[in-house]
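In the form predicted alone, a lone chain appears below as structure tokens.
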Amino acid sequence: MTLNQIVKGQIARITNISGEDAISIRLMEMGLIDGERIQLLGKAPLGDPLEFAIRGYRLSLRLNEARCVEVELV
């Protein structure tokens, strides 16, 4: 399952960041690393971007960025 597939309010644990491109590296620099818990807070009216809570702050990600993050539900 990837981060873009969870529904509002669900909490998931990050299991992997796929790829080795600039987007993947940027995601890891923002704190999206294996084992971190992340919650979907909401979506923009057209579904992109998505807003998440992680490490005590809020983070907005585009759908293509969220697809790079593999998660498991907690």
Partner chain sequence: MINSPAAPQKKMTIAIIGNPNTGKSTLFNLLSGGHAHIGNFPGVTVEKKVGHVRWEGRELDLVDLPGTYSLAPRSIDEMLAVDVLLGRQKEVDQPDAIICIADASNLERNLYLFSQILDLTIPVILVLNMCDLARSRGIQIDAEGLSQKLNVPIVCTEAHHGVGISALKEAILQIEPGCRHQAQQLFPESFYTERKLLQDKLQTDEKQSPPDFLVDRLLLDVGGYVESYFEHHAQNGLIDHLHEARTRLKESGCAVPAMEARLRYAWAREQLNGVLTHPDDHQETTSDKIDRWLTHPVLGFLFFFVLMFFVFQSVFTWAGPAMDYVESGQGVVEEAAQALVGPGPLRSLLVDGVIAGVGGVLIFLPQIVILYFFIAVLEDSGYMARAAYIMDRLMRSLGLSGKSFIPLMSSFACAVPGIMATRVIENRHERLTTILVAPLMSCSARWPVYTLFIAAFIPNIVYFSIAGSPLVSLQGVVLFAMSSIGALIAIPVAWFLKRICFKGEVAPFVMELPGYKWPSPRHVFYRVYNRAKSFVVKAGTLIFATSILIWAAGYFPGDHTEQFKVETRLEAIDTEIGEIETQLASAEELEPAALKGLEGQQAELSAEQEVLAEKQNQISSELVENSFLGQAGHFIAPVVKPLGWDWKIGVGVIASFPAREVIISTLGTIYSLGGDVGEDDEGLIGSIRSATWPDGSKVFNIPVAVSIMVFFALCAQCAATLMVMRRETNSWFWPVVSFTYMTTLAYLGALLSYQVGMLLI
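Numbering follows the first chain given and starts at 1. Keep in mind the model is a prediction, meaning the values are calculated, not measured.
The same protein also exists as the form predicted together with the partner chain; that form is not shown, yet it is the one meant from here on.
- The closest non-hydrogen atom of S60 lies within 4.5 Å of the partner chain in the model of the complex.
- Under a 4.5 angstroms non-hydrogen atom cutoff, the partner chain in the model of the complex lacks R13 among its neighbouring residues.
- Along 46-74, these residues reach a heavy atom to within 4.5 Å of the partner chain in the model of the complex: L46, D48, P49, L50, E51, A53, R55, G56, Y57, R58, L59, S60, L61, R62, E65.
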